[in-house]
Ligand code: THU
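The chain below stands alone and is given in C-alpha cells; this is the form predicted alone.
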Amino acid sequence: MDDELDALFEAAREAAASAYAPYSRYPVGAALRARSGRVHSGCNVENAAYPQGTCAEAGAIAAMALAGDREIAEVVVFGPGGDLATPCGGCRQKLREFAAPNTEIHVADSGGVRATFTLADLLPHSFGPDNLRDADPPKGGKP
C-alpha cells in the first residue's frame, strides 16, 4: 500500500475499534480522503430500535461535510474478517452524492485491503446529482 492508502486504512481500523455494535457485534469503520487531502472517518453506531442505527460510511460523510469538504477522492471500509464488508446499498448511494463513478472503494479487514472496487462497480448506472442539473422544475404544486 502507498502512504495515503496506509493512512486511510489506519483511520478506518481505528474507527472500527470505536464502533458501537452491541447487537450485531460487527464493528465497521470507514475513512475517506476528500479532494482537499483531509481524512474523515466514522464508525457504525447501532440502536436498540434496529433501523435507527447508522453506518460507518454515513458517519465519515457527515464528518467530511461538517469539515467543509464536498468531494470524496478515495474510501476504505474496514470490517471483521470473513466476507467482504462492502458498503450497503444505502451507503453506496450516499457515497455517490459526493464521489465520482471512478472513485476507489477499498474493502479491508485486519489483514489489510482485501479488494478494491470503483463506485461504478458497486453502484452501476447510478442516479446522482448530475442527473438533476438539467432537470426541468416540477409543474404545478408548490415549489
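Every value quoted in this text rests on a predicted model; they were computed, and no experiment measured them. All residue numbers are counted from 1 along the displayed sequence.
Beyond the structure shown, there is the form predicted together with the named molecule, which is absent from this document and is the topic of what follows.
This chain is displayed alone, yet in the model of the complex one of 99, 28, 39, 61 has a heavy atom within 4.5 Å of the named molecule; that residue is 28.
Put simply, of 69, 74, 109, 46 only one has a heavy atom within 4.5 Å of the named molecule in the model of the complex, and it is 46. For the chain shown alone, residue 115 is not a contact residue for the named molecule in the model of the complex, no non-hydrogen atom being within 4.5 angstroms.
With a 4.5 Å cutoff on heavy atoms, residue 56 counts as touching the named molecule in the model of the complex. Although the partner is absent here, residue 34 sits far enough away that none of its heavy atoms falls within 4.5 Å of the named molecule in the model of the complex. Shown alone here, residue 24 lies within 4.5 Å of the named molecule in the model of the complex, counting heavy atoms only.
Contacts between stretch 64-93 and the named molecule, counted in the model of the complex as any heavy atom lying within 4.5 Å, involve 77, 85, 86, 87, 88, listed in sequence order.
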